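Given next, in structure tokens, is a single chain: the form predicted on its own.
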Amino acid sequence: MDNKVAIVGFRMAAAPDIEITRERLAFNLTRGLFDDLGIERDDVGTTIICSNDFLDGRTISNVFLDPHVGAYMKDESKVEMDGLNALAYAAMRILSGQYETALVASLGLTGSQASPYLHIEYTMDASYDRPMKLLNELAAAALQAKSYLAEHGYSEGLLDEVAAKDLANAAGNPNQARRMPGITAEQVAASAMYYEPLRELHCYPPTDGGCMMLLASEKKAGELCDKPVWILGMGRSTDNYYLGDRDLATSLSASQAAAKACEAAGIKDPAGEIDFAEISSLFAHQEPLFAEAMGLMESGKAPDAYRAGDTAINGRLPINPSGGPLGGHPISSTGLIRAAETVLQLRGEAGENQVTKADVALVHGQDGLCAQQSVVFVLGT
């Protein structure tokens, strides 16, 4: 990328039930971020709100949040669903040269106020899938898991290993909603069966939460913080809508989005040049599936990589050192939270979950059934 855009600050929160309104959550996070950076609402050039009308239960839901994120009667726009899409939109607005700063605001009260799976059901084909009632988000994810495992001859034990690793990482992360210290692969394997082969601890927990993040141009970033994290590349891709037209054993959207982001960042060998990755894997099988699709892991070698500890916090290429979405999934905010966790690592501020080498990282977000759409960023110091 010729011009530079930096992440200069953020505030995030996640809990099973955050016990405040989305308006109060929006205000608290925004006020906290402004105080961290020593700015006020007039210092923000444009605001991108990421929310979902269906989950919020009201149309044009962003207008009800404008006053609480300091955007009332100011330049503001909206992105539906994952917050990484909003991050891309905000970055493009700064790259246009029209703005020096952009606030990205994302909220999701999926743990306390909305059915986590219902919105996906309403994205399915209304003339066949919905009336048949055979598919839902969990059933589709199970089909994806089965396809991926069968393609490579992997055992279902891989899902237990992935989930145990992520949940152990989440246990050491105070920003996560589901924290289970001492969790083992055996305990994951003993959790309730949802849809074969997916068990309860292979799946994301419905979670409340949000994230506010401020972007700035190169000219402005140095005035706002001492440790700007730069956007080195970004890419986005959407796969076919109908599951029957897609190869569920891999992810075309993740592969194409990562290729675009890495090309923009000048990265030719993701597995060799990326130091760690935060992946929006809503289900355990999606972490190695996406890692293989994005070139972070050799195809067909996922069990070897996990058994060798390559993906652990102290491994060769740590994946989801934060614990990832298995520790919390506030819908609309999960991708942006992955970016915030990446900033913590790149700044050396991730506490006991800090990875050893943190100069260049990949961040992934997803939307739609079985990650129909993916967004990927490459961030660096």
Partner chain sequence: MMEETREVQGTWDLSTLKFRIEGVGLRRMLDGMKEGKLIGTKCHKCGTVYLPGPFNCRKCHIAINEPAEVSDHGEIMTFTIGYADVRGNPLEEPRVAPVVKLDGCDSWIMGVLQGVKPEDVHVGMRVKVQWAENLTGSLQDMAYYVPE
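Positions refer to the first chain, counted from 1. Since this is a predicted model, take the numbers as computed values, not measurements.
There is another form of this protein, the form predicted in complex with the partner chain, and it is not shown here; the text below is about that form.
> Using a 4.5 Å heavy atom cut-off, state whether residue 67 contacts the partner chain in the predicted complex.
Judged by the heavy-atom cut-off of 4.5 Å, residue 67 is in contact with the partner chain in the predicted complex.
> Taking the partner chain as it sits in the predicted complex, is residue 114 near enough to touch it, meaning that at least one heavy atom pair lies within 4.5 angstroms?
Yes - in the predicted complex, heavy atoms of residue 114 and the partner chain come within 4.5 Å of each other.
> Within a 4.5 Å heavy atom cut-off, is residue 72 in contact with the partner chain in the predicted complex?
Yes, residue 72 lies within 4.5 Å of the partner chain in the predicted complex.
> Looking in the predicted complex, any heavy atom of residue 126 within 4.5 Å of the partner chain?
Residue 126 belongs to the contact set for the partner chain.
> May I ask whether 161, 242 and 255 each come within 4.5 Å of the partner chain in the predicted complex, counting any non-hydrogen atom?
Per the other structure, none of 161, 242 and 255 touch the partner chain.
> Hey, of 32-40, 309-317, 325-333, 350-358, which bit sits against the partner chain in the predicted complex at 4.5 Å between non-hydrogen atoms?
Of the options, only 32-40 has residues within 4.5 Å of the partner.
> Within 4.5 Å of the partner chain in the predicted complex, which residues of 53-67 have a heavy atom? Give them in sequence order, or say none.
If the 4.5 Å heavy-atom criterion is applied to the partner chain in the predicted complex, 53-67 yields 54, 55, 56, 57, 58, 67.
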